Structures are given as C-alpha cells and as structure tokens.
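Single chain ahead, by itself, as structure tokens, in the form predicted on its own.
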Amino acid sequence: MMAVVTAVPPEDTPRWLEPWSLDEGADRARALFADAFEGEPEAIASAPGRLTIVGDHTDYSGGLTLATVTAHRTFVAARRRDDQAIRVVATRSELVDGPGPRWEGALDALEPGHPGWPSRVAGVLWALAERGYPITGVDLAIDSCVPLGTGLGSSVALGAAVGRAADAVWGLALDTEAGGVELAEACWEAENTYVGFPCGRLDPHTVLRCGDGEAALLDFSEIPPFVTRYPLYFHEYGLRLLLIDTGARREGWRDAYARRSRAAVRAAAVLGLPSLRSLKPHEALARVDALEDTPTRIRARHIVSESMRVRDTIAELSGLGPAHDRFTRIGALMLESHRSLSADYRVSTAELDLAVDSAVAAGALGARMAGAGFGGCVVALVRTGALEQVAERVVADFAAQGYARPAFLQV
C-alpha cells in the first residue's frame, strides 16, 4: 500500500483554514459520539461563528452593529437521557481551560460559576431549564472548525449549537423566528450569569438570527435587539471578506473588556442618559467630546462614532450608486472603524495593526480588527483576484517583524 503524505506549506506561504461541509461536520460529531457513548445520536445540530463587518463594542451601549456568520461551524451530536446525567465529550479541549476532553455532571446540580469549557455547555442547559423548558439529562459530542481565540465567536457557536441540539432532541419549538430570539437570550444568560462574563448580546443574536449570505443589522436600543437582514452580495461583485488570524492572544482581555463596558456606562451616567444610544445623532460627538475625563471621553467617542459608521455602511450596501464607489466607501469605513478601536478604544495590538496596514497596502479596499480585540482576527474587504496577493504580503510583513505566521479564512 502506498503511504499517504500530507503536504505542509512552507513557512513563507499563506496557510488557509477551510471550513467543513455540513455533511463532514455531522459525520465527525456522529463518529465522536459513537466512540464515546456507543450507539447513534438522536440529533445533530450546528451553529456558525460570528463576524463583525462594522460595529464592535456598541452592543452594551444600545448601539448598532452590522455582522454576518462564517462557514466555519460547531457541530453537536446529542441523545437525551431519562435521568439527570449530563455527559459531554469535546475535541480541542486541550486548547482551552477545563477538565480535559470529557466532563460529566447532573442537570439538577448545575450552579453558576462552573469552571472551564464545560460551563459553555452546562450554562445553556441551565438557562433553558431556568426558563421552564422540559429537559432532562443528555449525552453530547462536540466537534468544531471555528478557530479558537480569534474573535469569531467560538464560544457562542458552541453554546448555540448545544441549544439547537437541545431543541432537536426535546422538541422545544425553538426553530422559529421567535424561538431564535428566545434561544439567543438563553445563550446570553448562560454567558453572563452561569459563566460570569459580562458580555453584550451581539454574538448569540447574530449566530442564531443571521442566515448564510446575509448581513444582520442589530439595533441594541431594544432588548432583545431588533434585527434587519440585508443580502450580503460581495461575491456577486468579485469581492470577499478575508479573515486574517494573527495568532496573537493578549492575557487579561476579559478584565479589559469589562473595564470598557463600565466606561460606557459611566459616560452615559455623566451625560444624564440611560445609554449612549440616547444621544441625538446631530449632537452626539459634540456632547461626548465635552466630557472631561479622558478615558471616558475617548471610549464614548468610539461607541457613538461606530454606530454612525454602521449607518453609513448600510446606506452604501443598499444604495444605488456605482458599485465600485460604494464598496470603496465601505472599505474606508472599515478602516476608520479600526483606527477608532485602536486609538480611542485601545483594544488593538501591534499584530492587528500590522495586519490591517499590510492588507490595505496590498490592495484591500479596507480592513479592521474583528471582535472584542486584544488579539485575534482582522477582516479585510478584498477583490477575489487579490486574495493570495494580500495574504502573501501579510505573511511576509509578519515574518519581517518576527511574528508567528498568520492563518487565513474566507467569508
């Protein structure tokens, strides 16, 4: 028999992270389930990662975000039990905090504060039970191709996939528009209350309410947020969203995120408002720039200007002008967003800044960090024919600075 040799790309070439097909992901989850628990699962569910096009760090201030979903997904194979036992097996557990690849617990013993990766699983089951859904024990097998720590919502993809699996095995009727809102809120409660991380509602409401090939405008002035969907037709015009995983991860980012959230609340309180979204658009920047405390002022300035950029991006997406002009403007808005996140919100890193600058220098129409920041991914709007050119330039510039080789995805 001839040996199969897997080619390893040289260190100076781009490394592309391809998504699994729905069938491949389901087969992987099914095989993992059979190996761990024997027999067949009752259902297989999945959920995608989340990508912000424009509008980060606005959700917890009642602002606006334009986001979409990735082809990279998390898959869950599930089988209900007649008792209260929860048995979970997951791949990639060696890359995150937790007890290893397998965890066992009991539904009636779940309490907030559970450590490690199982909290993302247990938290969703806990939140559904708290909302009165008739669930019992369950066996779960989890596999995923959503890159970890990139700002693409790997945690919420896990929670959402578990929620969809729960819906499938217990028939909770959450596969409707209203059910998607309900499940998104349960996932948010799991993250905030059970896991104990004070995040906004952006991730779950994007992952569970945005379809493939769509962009979702999320308006966080309401709870739950109002969602308007737009066709994301970059492909039809020869454009792609290129994701650059810098591989950089900053320690302590959760605490930094929480401080930014508190600064937004503080700015609104100083202005005598329930949230920064309450500012009238024509006066927002002037009132924010009048704040005396510098950290509070620059954080608030990013939030209000970012929502303005979201409005402008939507106007260009739905506009009737020449496509080249509209997409060039969207690229410029993405770049403005990154400059604001870097200079005012101060959530960028040297690697993120370099990836943005390199992509634009190589021909990208625009680029920005994606997600909460402090490391992770950059998203660039790139002509399809220039994808390799942009990726090669980023790899070369990273190598010149002594940074690890980045990886690349497409949306």
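Residue numbers run from 1 along the displayed sequence. Please read these numbers as outputs of a predicted model, since none were measured by experiment.
Just so it is clear, the following notes concern the form predicted in complex with alpha-D-galactopyranose (GLA), a form of the same protein that is not shown.
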Only one of C145, V169, I86, C199 gets a heavy atom within 4.5 Å of alpha-D-galactopyranose (GLA) in the predicted bound form. Which one? C199
Identify which of Y257, F327, W126, W103 has a heavy atom within 4.5 Å of alpha-D-galactopyranose (GLA) in the predicted bound form; exactly one of them does. Y257
Would you mind picking out the stretch of 381-389, 26-34, 352-360, 48-56 that comes within 4.5 angstroms of alpha-D-galactopyranose (GLA) in the predicted bound form, counting non-hydrogen atoms? 48-56
Under a 4.5 Å heavy atom criterion, is A372 part of the interface with alpha-D-galactopyranose (GLA) in the predicted bound form? yes
